[in-house]
Each structure stands twice: as structure tokens, then as C-alpha cells.
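Okay, here we've got a single chain as C-alpha cells, the form predicted alone, with questions on binding and movement later.
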């Protein structure tokens, strides 16, 4: 079965690439915004159809399996809802004089090019192509972070570029080491970079080379994930770039880098004499959780606040996958999906708040539930969700992570719970200031649509109450694949 005569996995690459080319030449803001939405919807349809069609056998360049379908559909869905939010958000930025129409074609073209890069990284069966695709996605977001052309935005983009380049260089060195380990067994050439070939022969690779390679890969791609102490680019990029890009960074791009780490974790697990990747991931995950939880108390900018929240939750996810096993892997997948939906929904709310109040400073935002009840209470729901309170979806995933850890390593579970409670306290301290009390700032109505925000929070609430059996079974299959 195919979509419009093209296999779905190919369509998820062709649609954003063609859309990017069209958006680069089409005039008019409304035209480009609508095409951006249509292209994102078409990509979502193509990605979702992968659940229902026969999968092609792994090729030299592309691979479709249970693991990347989950990432691909999540990426396409959040990209679609963000494109809807982005249309009204960017329109307001033009009216306010923050952006000029000359940058709009560039913005929307880069948006679709980013989607192409992320989809290619997720579908690539060649570890070299995956590296190139992640670098492409990084470079497009660097350009979009600096789109306001202010001193702060350019500084944030430059910082992101430098630190991202260091990370991707480390990941490249790790990729080369994997190629060197595979060469004596598989032979030189492209076959030694095909992931399915690597996994099939990993038990014959030099374990010492694999060990060193994984350390470089974890550090390199861990920079993209935003793990402490490799996180320094992330708060600046969130604070100074357009809010839709903050939603995409937290909800999608961090996941793509995590996906690369998981692929190499599977490869390392296939070599019985190589080191266990779990302890390294557990250490970096817990460090990120504790560090970000403490840093939340010092944030004065609302976008920086939720940037550090992303570091915290990526730490939880990496910790869960580091623990491994069916339950922890299931919890890590569920937490990843819930975090992507929740955090992008929160950034939708933050974008509305910053535009209507005219500031990102927390001190300038008060009484939101009084001045803008629909927006204020939706924001409160988002913070309750990201803090991990019932009955929302993140509570369920965090509960599974904690219980599975208690059963195996009680001391680690105690540290995990302390980190989660520290972060929870910081978030509620801030939400009390923002949402309640005497209103400050503008009380003008929000012109943009709340629909994407409501859809995300509605899905997170539904997942906390009921996970469809088909989705649970799919996650169980992926958990088994992760080992």
C-alpha cells in the first residue's frame, strides 16, 4: 500500500523536502503559512499509515521498524500542531514589528527542512546518513533561533552552533570508531555502516573499540539531548528563538538525538563482551534531573524555566532507558511521548502569554487566571501535567519509572524521587506567581487559536486515564526491541 503512489516512508521525506523548496520561493505570509500546515498534515498522514501497511525489508539506506515508527508519528503529529500554532504566532510577530515579511519564506522553508532532517534521521539505516541528518536538523534550528536578528538571538544561535558542533563532532568520531570496529568483520564500504548489518555481526566486533565509540556517541548525541553538563546551549536557544521553535526543540529534536543513542545502545547490547551502556545513561540521566531541578528555582524568564524543565525530563527518560528491562523501557517510551505532547503544549501557552503580556519575564506576568481565564487555567493544567501529578499522563510514566527502579535499585529510586520533588516544588512556586493574584500587564484578548494547546493537554489527560491496548502492545514490542 502506498500514499499517492509513493511508499509512506518515502513520502515522509519527499513531502517536507518539496514543501521546503516551494516555501523558499512563494511570496506572501498567508500562502506560506497555509502551505506549511498542509505539508505538515500530509507528512502526518504518511507517517501514520506506516502503522497499517506492510513494511518494506531493510535497505542499505532506509529502515522501518517498531522503534522508529513511534518516533516518526510523534514527530509528525507535533510538527503539524506546531505549524498551526506557528501560523498565528508569526502573524502576530509581523504585526508587532518583531519580524519582517522578508524572513517569513525563510522561516517556513527552514521549518520543513527541519522536518525532513528529523524524519531522515529516524528512518536512516545507515549510521553515517543518520549523523548527517541530525546535523542538518541542528543547522536549520540554529538559523531559526537567530531569526529575530537581535544581539541576544544571534548570541544564542552562535552558542548553539558552537556547542552543537562540538557535540556532533564527538558523535562523528564515535561513528567512525563503530565503522572501524565493523570493518574487519563486514568489510570496508557502505555495508559496514548499515545498522541492521552492524547489529547482526556485533558479537564479533572488537569490544574495546565499541566501548570507546559508545562513550563518544553518548557525549556527542547527549549534547543534542540536552543532558547536563552538555546542556548550556538549550536555555538560550529556547529563550531567544521563536516560541514554535522552542516547542519543536523540546518536543521533537531532543527525541531524535535520544533515538540515535538508543540505536547505538542496542548495538552495544548485541556485543556480549562490550561494556553495559546502562550505568553511563543512568548516571547522566540522574545528574541532569538533579541539576535541572535545582536550576528551576533561579529562573526569571518563563521560556528559560521550561527549557530547564526539558533538561529535567530528558534526564528521567535517559535514566529509564539506562535502567532497561521491559517495564523501565515501557515507562521511558511513555514518558517521552507524554513529555513531547505536554512540553510543546506548554510552549504554545507560553507563546500566547508572552505575546499578550509583552514580556517573557516572570515578574511581569501575574494573575493570568483572572485576566485571561481560558489561557491561565490551561497553563495551570500544563504545569500540573509536567510536574507529574495525577491523573495526567506524565504521572503514570513517572510512577512506572519509580516503581521499576525501587524493585531493582532502591537507592537510585530514592535519588530519583528527590529530584522529581525538587523540580515539582520549583514549578509550583512559579505557577503560583504567574497564574494567581492581582493581574499585571495587558488584559487585551488573545487573538490566536488555543486549539493546538487544548488538543495536546487533552491527549495527555486521556493517556493518564486510559492507554489504548493497541498502543500499550506496541510499546511492549518496542521495549523488547530495546532489550
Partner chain sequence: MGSGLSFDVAHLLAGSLVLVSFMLLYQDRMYALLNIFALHALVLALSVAWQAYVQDAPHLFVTAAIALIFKAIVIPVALRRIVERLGIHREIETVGGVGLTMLAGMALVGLSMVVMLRVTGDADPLAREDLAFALSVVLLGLLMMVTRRNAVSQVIGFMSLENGLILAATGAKGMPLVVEISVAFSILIAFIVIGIFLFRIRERFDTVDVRALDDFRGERQ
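Source: prediction; values computed, not measured. Residue numbers count along the first chain shown, from 1.
Heads up, the form predicted together with its partner chain isn't pictured, but that's what we're talking about next.
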Would residue 128 sit within 4.5 Å of its partner chain in the predicted complex, counting heavy atoms only?
yes
Against its partner chain in the predicted complex, would residue 103 count as a contact residue? Criterion: heavy atoms within 4.5 Å.
yes
In the predicted complex, does residue 273 have a heavy atom within 4.5 Å of its partner chain?
no
In the predicted complex, residue 173 touching its partner chain (heavy atom, 4.5 Å):
yes
The unique member of 374, 185, 389, 212 whose heavy atoms fall within 4.5 Å of its partner chain in the predicted complex
212
In the predicted complex, the one of 231, 265, 357, 299 near its partner chain [non-hydrogen atom within 4.5 angstroms]:
299
Is it the case that 143, 165 and 179 all touch its partner chain in the predicted complex, with a non-hydrogen atom of each within 4.5 angstroms?
yes
Using a 4.5 Å heavy atom cut-off, which stretch among 132-140, 283-291, 364-372, 81-89 contacts its partner chain in the predicted complex?
132-140
Would you mind checking 134-155 for residues with a heavy atom within 4.5 Å of its partner chain in the predicted complex?
135, 139, 142, 143, 146, 147, 149, 151, 152, 154, 155
